[in-house]
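What follows is one chain in structure tokens, specifically the form predicted alone.
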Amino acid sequence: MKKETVSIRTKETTARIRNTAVEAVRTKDIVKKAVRVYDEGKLGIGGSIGDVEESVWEKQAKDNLEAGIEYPYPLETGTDHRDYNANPMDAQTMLKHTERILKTLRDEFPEFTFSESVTIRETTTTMRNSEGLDLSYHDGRFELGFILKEKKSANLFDGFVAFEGRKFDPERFWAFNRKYLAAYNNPVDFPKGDKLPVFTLGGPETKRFLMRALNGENYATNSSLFSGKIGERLFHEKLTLEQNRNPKETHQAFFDNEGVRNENDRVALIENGVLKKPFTDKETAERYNLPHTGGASGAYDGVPSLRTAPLRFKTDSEDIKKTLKGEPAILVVVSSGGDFTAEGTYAAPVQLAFLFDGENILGKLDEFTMRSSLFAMYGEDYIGTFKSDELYLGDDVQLQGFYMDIKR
């Protein structure tokens, strides 16, 4: 009988914000642990939240072998310990930053109210087994997420102020956000034309659609828009989309739920516009004779499965302003309610956007709707994926640009 243990410890301090003031502070220290046992091609799992004796979970896992869950795959081996933030921000420093930020917002932007939270989160994830696997990942992050509301507005919210990263630079934060918030009070006209360059921070509906399309089981069962198209050029030749487990870019453990690691923590699924492979776990790769990408996900105390994978576009372009060559563009900040059809047609209402020159936010635009399709956005209308140092929203922020049809 073989044994594997999974442990996730999360320490968290959160300041709750209401009406631009700290309302409460809460601290958590949560441990989640599970034991997996493997015997004669079967898997049993036991686990819970809390610092319970490992023997309790091991007994539970052995008892659960009777459920007959098949797992005939070899376990991983090797040692890899990584710490991405040896000195994470402490609670006292977080509260000092929070109070100073809120004071500046009250003093300089009294026309708005800000609510929601500021959090420091420290995570340690380990996975070890009887075959010699010994993995550990430690990280610490500072997360600021304020919902912005104009006092004169009847809306529930009108925008946000956000930052997420390992280190926080107040000077860079204000260099960006003073311009950003000032633009709210500067309404401007739309650029001329019905098809305009639009830049986004990577809409969740796009990632969800690509997640479904690149899921190995969906691909193999002809449930994907990409089914049967491995080796075909589907998108712009400079576009590369990766299953990316580099914690510096995707902010999560560098191994999947089966302990699998990849060279350089990434696998290209679409490379230079060509579909290379869908993402897979061990079961999906074997069942459908697909390349194994280390894409297992699932709960810490659940059976490894193929639900989601950390997808990230490779930065392929530099200098948005130079690329635009003086052409005015739109920066989308809030877009809610959009989606793709099964064929890849896309439409989304935009609740908040700004006129953008590639470097500076120039003024606030009225609400509008943008339309395109997946193959146009990432094909002939694709501008590029850029690393944005000007928009200080966190570590490794990317902007994607496309030409989109605009309906005012």
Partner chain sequence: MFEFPKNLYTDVRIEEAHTTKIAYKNKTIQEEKIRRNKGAFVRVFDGERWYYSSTTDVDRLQEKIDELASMANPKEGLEDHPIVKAFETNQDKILQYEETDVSKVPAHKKRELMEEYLSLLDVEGIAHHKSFYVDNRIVKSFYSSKGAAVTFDKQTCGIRMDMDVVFGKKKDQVGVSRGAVHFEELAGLQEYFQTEIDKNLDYVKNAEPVEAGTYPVLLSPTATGVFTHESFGHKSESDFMVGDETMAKEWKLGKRIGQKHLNIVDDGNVRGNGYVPYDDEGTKGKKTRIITDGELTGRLHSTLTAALMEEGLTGNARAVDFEYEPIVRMSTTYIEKGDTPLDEMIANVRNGVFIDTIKHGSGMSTFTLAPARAYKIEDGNITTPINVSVVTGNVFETLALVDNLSEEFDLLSFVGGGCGKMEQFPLPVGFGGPYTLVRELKVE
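Quick caveat: nothing in here was measured; it's all calculated off a predicted structure. Residue numbers count along the first chain shown, from 1.
The same protein has a further form, the form predicted in complex with its partner chain, not shown here; the description that follows concerns it.
Taking the partner from the other structure, its partner chain in the model of the complex has no heavy atom within 4.5 Å of any heavy atom of residue 389. Under a 4.5 angstroms non-hydrogen atom cutoff, its partner chain in the model of the complex has residue 99 among its neighbouring residues. Under a 4.5 angstroms non-hydrogen atom cutoff, its partner chain in the model of the complex has residue 27 among its neighbouring residues. Among heavy atoms of residue 357, none comes within 4.5 Å of its partner chain in the model of the complex. Of the stretches 319-327, 246-254, 268-276, 208-216, only 208-216 has residues with a heavy atom within 4.5 Å of its partner chain in the model of the complex. Among 231, 170, 187, 337, the residue placing a heavy atom within 4.5 Å of its partner chain in the model of the complex is 337.
Of the residues 315, 227, 93, 124, just one reaches its partner chain in the model of the complex with a heavy atom at 4.5 Å or closer; this is 227.
Shown here without its partner chain, the chain has 367, 369, 371 in 352-391 lying with a heavy atom within 4.5 Å of that partner in the model of the complex.
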